[in-house]
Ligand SMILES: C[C@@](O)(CCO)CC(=O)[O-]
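Encoded as structure tokens, the following chain is the form predicted alone, with no partner shown.
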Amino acid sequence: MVVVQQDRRPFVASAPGKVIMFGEHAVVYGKSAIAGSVDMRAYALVVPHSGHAVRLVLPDIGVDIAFDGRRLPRVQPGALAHPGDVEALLAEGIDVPDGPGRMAALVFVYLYGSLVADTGAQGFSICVRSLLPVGAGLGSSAAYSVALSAALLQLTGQLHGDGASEGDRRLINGWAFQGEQVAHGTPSGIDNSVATYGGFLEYTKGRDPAPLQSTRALRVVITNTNVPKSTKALVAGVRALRDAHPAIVDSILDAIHSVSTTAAELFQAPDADDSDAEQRLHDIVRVNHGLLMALGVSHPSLERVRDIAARYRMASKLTGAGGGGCALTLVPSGAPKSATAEVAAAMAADGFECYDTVVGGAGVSITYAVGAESIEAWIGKQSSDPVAVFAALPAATIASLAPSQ
């Protein structure tokens, strides 16, 4: 048994979601994609306590499980053929519920077994709140895995800079990727990388994601059309089109790659004129969407979003697989807050949900205090049960725990 030194103070680990800025579908064929972190996060409150009881609370999806931490065996290297086989570790007395929260609970069990079990760590409660919509292509699963990984690594003293150092982030990202393997089988790794490092990343299949050294955070409106989509079917449709017209489709994929590389250059050009760079960015948003539409992955709802945004002189594109799902609208840097409110109201009139947010902000974060007040004092003012308080806090209050941009 490796005995760890535990910090007994409550803390919050948080991680952002992600949005694909450029390169959807082309990335499947070895082209580049650009992704950025969104200022919508998952927050994990950790409350250490005496004894060996471990409790996971996910109030947004109705999960509340507890078990004796000594009953879960250590996940040794090579013990499982794949992290997704974690159910084989479930011992009697560890009851993971069926339903929408089962996979989230299994991710926790895997990470606990890998990072905490058999370390001599005492018990704790962890409550995760997410301000990210589930299933909208905004990386809610990866934000959860990164926040959990950071929380458990910090709890057991395996981080050395509260998650801020390069070594800490590499460790968090590696474990979060394994959590994503539990949830998704064969993830690309881009979602957890964005959630860990924040900012913008360039991703090419088969290579490590490359952070783009940009200080350019972008105001955006993300619109959820609430139209369900099948990523698998959309990817298959593009493949069928390419099989039928390889020269034409390959030229479209090459053009999308050029859009992504142009965006990467814009994000990393500190001497570029801001207004010129912004106009070029808006131009390539429109071009990227047009290319994706040519691949057949748009949808009438996405075109409606673009029509509404165009009335306010804003550029929009689908983000993710298309066929419904979400669209991303760039907000001009000089636009007043009222402009985004007007766009959101117009979108809502068509039954869409809008999120006024920022792309390119902070990655994983660990905090023990809110201003001059400890998390324990801040969260426990109303009750002796911090988990119950945290589980009931309004979203706006939870969001106040986000790191500054």
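By rigid core we mean the largest C-alpha set that fits within 1.5 Å across both forms. The first residue of the shown sequence is 1; numbering continues from there. Note that the coordinates shown come from a computational prediction; the quantities given were computed from them, not determined experimentally.
Keep in mind that the form predicted together with the named molecule is missing from the display, and what follows is about it.
Counting only non-hydrogen atoms, choose the one of 152-160, 308-316, 231-239, 217-225 that falls within 4.5 Å of the named molecule in the model of the complex. Careful reading of the contacts points to 231-239.
Among the candidates A348, V370, V28, A377, the residue which, in the model of the complex, approaches the named molecule to within 4.5 Å (heavy atoms): The residue in contact is V28.
Though the named molecule is not shown, can you say which of A321, L330, I252, M293 has a heavy atom within 4.5 Å of it in the model of the complex? Only one option qualifies, and that one is A321.
Just to confirm, V12 within 4.5 Å of the named molecule in the model of the complex by heavy atoms? Taking the distances in the model of the complex, the answer for V12 is no, it never comes within 4.5 Å of the named molecule.
Can any non-hydrogen atom of V287 be found within 4.5 angstroms of the named molecule in the model of the complex? No, V287 stays farther than 4.5 Å from the named molecule in the model of the complex.
Taking heavy atoms only, is S114 within 4.5 angstroms of the named molecule in the model of the complex? No, S114 stays farther than 4.5 Å from the named molecule in the model of the complex.
Using heavy atoms and a 4.5 Å limit, would one call G123 a contact residue for the named molecule in the model of the complex? Result no; G123 lies far from the named molecule in the model of the complex.
Establish, in the model of the complex, whether E24, P187 and I190 all lie within 4.5 Å of the named molecule, using non-hydrogen atoms for the distance. Heavy-atom distance to the named molecule in the model of the complex: all three under 4.5 Å.
Once you overlay the rigid core, does the Cα of R71 travel 2 Å or further between the shown form and the other one? No; R71 is a residue whose C-alpha shifts by less than 2 Å between the shown form and the other one when the cores are overlaid.
With both forms fitted on the core, check whether the Cα of K229 differs by 2 Å or more between the shown form and the other one. It does, since the K229 C-alpha is displaced 2 Å or more between the shown form and the other one after the core fit.
Examine G198 after superposing the rigid core and state whether its CA is displaced by 2 Å or more between the shown form and the other one. No; G198 is a residue whose C-alpha shifts by less than 2 Å between the shown form and the other one when the cores are overlaid.
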